[in-house]
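Consider the single chain below, provided in structure tokens and representing the form predicted alone.
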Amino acid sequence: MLKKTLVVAVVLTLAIGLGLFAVKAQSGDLEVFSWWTSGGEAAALQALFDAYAADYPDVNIVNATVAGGGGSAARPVLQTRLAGGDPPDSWQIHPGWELFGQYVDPGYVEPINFLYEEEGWNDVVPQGLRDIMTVDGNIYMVLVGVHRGNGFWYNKPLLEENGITIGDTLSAEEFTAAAETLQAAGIAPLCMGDNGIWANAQLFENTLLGTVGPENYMKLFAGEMAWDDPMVISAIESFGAMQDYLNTDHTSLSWDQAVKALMDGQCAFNSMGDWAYGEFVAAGKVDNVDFGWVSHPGTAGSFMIVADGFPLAAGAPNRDAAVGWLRTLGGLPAQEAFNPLKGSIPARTDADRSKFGVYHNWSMDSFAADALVPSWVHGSAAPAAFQQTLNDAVTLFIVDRDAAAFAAALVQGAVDAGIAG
């Protein structure tokens, strides 16, 4: 009998090690908090829910979404809940300063090194991505996708009708020439939806990168270059010139409504991260037929990282289900289902590229070859206080067009946020 028991134990141990038995069954509710509510975002989020339901069919998913691009409305709600001891099981988050300052430092999240070790993710998630999720050797989130923030999208038939051809790259001068042609034809050159000011702030972020280049961009956030440097002033002035090319109703539109306006031919270009691609997919548009893309003017050779992922809440109401959620998110099936709909590329390096279209393969090539820089607007490059400084400075600049005041606000904001030299 003892011999038989030992044999069974060995067989079970081998089977578990080989993954022949499912991970511990889960049940109850799993609350997932995010701001993915637009057409493309909602479809991509549902793909994650479907993947999780396949792994854990007995868990009831509570989809706690709060509308508002970039998390502008969601984050205050989340912070109130966390401060009040009422966390969701997991929530949408960006790596870098946002993760560290808003969630790790206050103790709102648990380390999840064990998942990376058990699932072998250290071998398939690049070190550079793991670094912006790690504090003191502890990793705190699972990335589901990596967006390219410096996208410049265009309505291809509309440009062709107006004799405008876009090559592999686009300079600031080439954009200005195209914009003047479009404006003369009565077409708004640049689609914008900034009822959430972050979209216009992102236009500045991309313009800044295109003006100073990736090396100087990083020096700004390292305190090695002044925020009132002549190159920064030049970027502010270029950003101001772009305001003259916007659709007149931009303040009443959301970012995704601006993408729809582009698809409808109401305007021609849109500077936006490749979550815009998810809107094209949701609308049934075809790569390089209905729309095209290029790097934001001047930013070819750079990849602005806007990565999305989820942590494990400290004190999660259903910790087991939340751990299962993260296991699913880090797996290939979920990442290969989610990212084609969302516009991002997998955080894993072993995804099957044949499952992705023309744009995604272009983005994967860019990620592998180009200078990687973190987004300021989306919380990775700088503390939340400096992110708010940018939003406030952009809001005021749109009204007064005072480049010197804009730069002065950034200088003071960098000092206040502790990132000045």
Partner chain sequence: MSQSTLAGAAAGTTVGSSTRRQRWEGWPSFLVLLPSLIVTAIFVYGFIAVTFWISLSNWRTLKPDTTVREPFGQTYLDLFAQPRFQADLRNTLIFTVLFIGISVLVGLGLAILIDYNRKMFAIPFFRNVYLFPYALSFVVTGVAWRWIFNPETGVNLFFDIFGINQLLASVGQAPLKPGWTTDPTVAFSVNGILEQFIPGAESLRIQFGLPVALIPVAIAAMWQLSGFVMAMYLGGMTTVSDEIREAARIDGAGEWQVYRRVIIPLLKPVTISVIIILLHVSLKIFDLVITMSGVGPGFATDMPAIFVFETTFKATRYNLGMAAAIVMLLLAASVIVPYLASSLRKSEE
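All values derive from a computational prediction rather than experimental measurement. Residue numbers count along the first chain shown, from 1. Just so we're on the same page, rigid core means the largest C-alpha set that superposes within 1.5 Å between forms.
Omitted here: the form predicted in complex with the partner chain. The next part is about that form.
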item: Interface membership of residue 252, the partner chain in the model of the complex, 4.5 Å heavy atom rule; value: yes
item: Interface membership of residue 405, the partner chain in the model of the complex, 4.5 Å heavy atom rule; value: yes
item: Touches the partner chain in the model of the complex: residue 79 (any heavy atom, 4.5 Å); value: yes
item: is_contact(residue 195, the partner chain) in the model of the complex, heavy atom dist at most 4.5 Å; value: yes
item: Stretch in contact, per heavy atom within 4.5 angstroms of the partner chain in the model of the complex, of 28-36, 41-49, 385-393, 371-379; value: 385-393
item: Proximity to the partner chain in the model of the complex, single hit among 106, 163, 167, 230 (heavy atom within 4.5 Å); value: 106
item: In the model of the complex, the one of 213, 240, 101, 292 near the partner chain [non-hydrogen atom within 4.5 angstroms]; value: 101
item: Every residue of 91, 117 and 119 near the partner chain in the model of the complex, heavy atom within 4.5 Å; value: no
item: CA of residue 93, rigid core aligned, shift of 2 Å or more between this form and the one not shown; value: yes
